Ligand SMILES: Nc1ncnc2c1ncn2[C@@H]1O[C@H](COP(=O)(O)OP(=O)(O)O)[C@@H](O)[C@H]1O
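First, one chain by itself: the form predicted on its own, in structure tokens.
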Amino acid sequence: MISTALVHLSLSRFRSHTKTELDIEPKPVILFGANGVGKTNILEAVSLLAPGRGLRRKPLSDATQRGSLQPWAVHAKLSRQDGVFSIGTGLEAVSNGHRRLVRVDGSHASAGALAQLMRQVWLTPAQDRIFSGARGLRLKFFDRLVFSLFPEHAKAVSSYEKAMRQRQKLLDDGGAEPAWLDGLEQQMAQFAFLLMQNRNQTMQRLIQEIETSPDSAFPKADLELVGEDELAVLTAKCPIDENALRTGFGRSRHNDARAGRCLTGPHRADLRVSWAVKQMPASECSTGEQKALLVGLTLAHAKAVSAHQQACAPIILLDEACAHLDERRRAALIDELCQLKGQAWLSGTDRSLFEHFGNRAQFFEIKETGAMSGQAS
């Protein structure tokens, strides 16, 4: 039985959608239609009902419909076990551009309030290249998983990176007062320790979920976050604590000044994923195998968030996730989604991809750019 679901969604001036309204049942939601008609735009709108820049990670101002004199807005009604909440976000024009607004039950709120009310998990085609792409892509992907469990993680990451940039600027300029560097390295150590803790707890929850879950059509992954061994060398201490981090950053000033960047720290971590049974690195798997690993990891993440005592079941957004799965895996994915406590939203070009849902899902056809059939069936 789904315990967390959007039961109404409204988009105004959002990309291709001038005005779109959806009344939704507490069951999986299927958006189908031809390419370019605005399916992903709806998923993106849902993803912005959370802190951050959404599943496309684009500047928020980019989402305003072309030609519109007013910025975009998204509103929704969120049903949870403890009640129904009215939530919304959008941009407001100000003298120097735009600023983001958030409302909860009609009152102004912070973006963090959205994270406390609703957690999200998503998978997009852009993430298909994570395993074979650059290290930074995998780390951002993993930090997004962490954020669903620990909403304060995003602030820790941004604060750490801000302090690191300020420290590097002083090192690049040369002749900085040691006290200034000491202060920035203290900030780096404080936020680095917090984000490392969050990452470690998330990793342990994912590993536990994967190890205890029954066998399915999706391969189980071996997960490891590598790079902390370098921190242990830097700090000359293991396990690492905040004081050791601060000392280590101080020791690395000369090398970082010469390199023009901070050479060691949690920003250098990498997510290592392998197909457990085959003992094969994900980067060496076929495209289809990588997709199956990624779907399996996303499902494990959704279950881990649901099991977290301080989080409600997440909303799951899957953009074109079924397109590259064979019939057996599509059916397995659908069955697993129907067993989750959080509502799943899926997009695809062909309704037939989702036939295995039967009457367990609500279907909406997007007929043309900016227009929604609004028909549930």
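Computed from a prediction, not measured in an experiment: that's the story for all the values here. For every residue, the number given is its place in the sequence shown, counted from 1.
What follows is about the form predicted together with this ligand, which we do not show.
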| item | value |
| --- | --- |
| Residue 28 within 4.5 Å of this ligand in the model of the complex, heavy atoms | no |
| 4.5 Å heavy atom contact, residue 350 to this ligand in the model of the complex | no |
| Contact flag, residue 62 vs this ligand in the model of the complex, heavy atom cut 4.5 Å | yes |
| Non-hydrogen atom contact residue 56 with this ligand in the model of the complex at 4.5 angstroms | yes |
| This ligand: the contacting residue among 325, 316, 334, 37 in the model of the complex [heavy atom, 4.5 Å] | 37 |
| Residues in 2-23 close to this ligand in the model of the complex, defined by a heavy atom within 4.5 Å, in order | 15, 16 |
